[in-house]
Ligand code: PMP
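Encoded as structure tokens, the following chain is the form predicted alone, with no partner shown.
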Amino acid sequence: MPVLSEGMFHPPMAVYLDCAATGPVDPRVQREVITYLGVEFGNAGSRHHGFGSRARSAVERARVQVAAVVSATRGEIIFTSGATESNNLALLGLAEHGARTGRFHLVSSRIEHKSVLEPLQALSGRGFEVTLVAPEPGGWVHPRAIRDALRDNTLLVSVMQVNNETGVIQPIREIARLLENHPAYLHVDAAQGFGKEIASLRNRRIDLISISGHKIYAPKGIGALVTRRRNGQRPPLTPLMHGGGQELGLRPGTLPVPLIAGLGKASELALAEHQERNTVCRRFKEILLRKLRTLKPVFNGDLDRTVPQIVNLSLPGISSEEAIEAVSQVAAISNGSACTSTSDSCSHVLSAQKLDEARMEGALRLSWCHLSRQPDWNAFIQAVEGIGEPALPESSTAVGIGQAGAA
């Protein structure tokens, strides 16, 4: 497996176990981005010279690369700044069509990312009625709950592919199947699963898919919205911005060719290598679960339904802040979504699962990727067991992605 170039991290540094927040940029993707930053720097909208033509070719090649992951077509890919923008465009962009056709009902779940929940809240203030279904205790949304929430005037169903806090895979294929004879549009926030969990996103019943580049080892600031045609018709989205006409008029502005090329390359690599990457990540997960057994963790999500890259757990009697600080020299971990880390309130995801307050306050998210190295688990365990004891001098040096670590 490729690793990051030497010198990108300056030891001593903890092993990075927060890949659900953002991942490292694959060196092959870096090279693609740099090419279109420094050599082929043309504007894809400049059609009268070679620089512009080559930039346009890079953009269209990236569309093909992104589309291939979900079995879409090049013309169904709209480039955005990331999954947050894609979610907003998918949800808010359907509002005008819903108002015009009298379909004012929206269905989603209580465990969605804030970039879905907040647009839904905005729509509720514009006359739409929103039904948010609760998850099962294991962190997944039962298809039956979605079916029971449907109405004749339901405009949209929005359910994420993989929960960003717990790593629990949602039953997208089953939800798509029950919508076969219903006109509602189906939107999937695939920020955590695109390029990793391949099969479910290839279902043609999914109309809209949001993706984010920095979760598949491309740079931050780039993503896409898949707008899959149904019966030859694209979802009737209205743009959120105006001016320029780029991306079929849905997302105006000069195209960031280097970032788009990077997303395309990252998508191509993810499709080609996803099985090997998942095997590496499953092995990492097996070791993690075995090593941490002595701490008696409680898992916040059905382990049989989680992706190979994410585990959410609580350690009895220990708050997440205490644990994160204690292991900070060994591993960089988080207590949930980086997008809401400035909030003092407990996770809305774990709250929706009806976990008790102590368990939510102790929740830790460990997330990794195929480029991650195992940390010194003995040092990790000792740090946790030492919480509340007098601090001792540091006795070991931890490592980052791409550096050797203890298995």
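Quick caveat, the model's predicted, so the values are computed rather than measured. One rule holds for the numbers: they count along the sequence shown, beginning at 1.
This next part talks about the form predicted together with this ligand, which is not shown.
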Taking this ligand as it sits in the model of the complex, is residue 265 in contact with it (heavy atom to heavy atom, 4.5 Å or less)? no
Residue 108, heavy atom within 4.5 angstroms of this ligand in the model of the complex: no
Given that the partner is absent here, does residue 115 sit within 4.5 Å of this ligand in the model of the complex, heavy atoms only? yes
Taking any heavy atom pair closer than or equal to 4.5 Å as contact, tell me whether residue 228 reaches this ligand in the model of the complex. no
Of 308, 258, 135, 82, which one comes within 4.5 Å of this ligand in the model of the complex, counting heavy atoms only? 82
Among 191, 90, 141, 77, just one has a heavy atom within 4.5 Å of this ligand in the model of the complex, namely 191
From the candidate stretches 311 to 319, 96 to 104, 159 to 167, 295 to 303, select the single one in contact with this ligand in the model of the complex, where contact means a heavy atom within 4.5 Å. 159 to 167
Though the partner is not shown here, which residues of 349 to 364 have a heavy atom within 4.5 Å of this ligand in the model of the complex? none
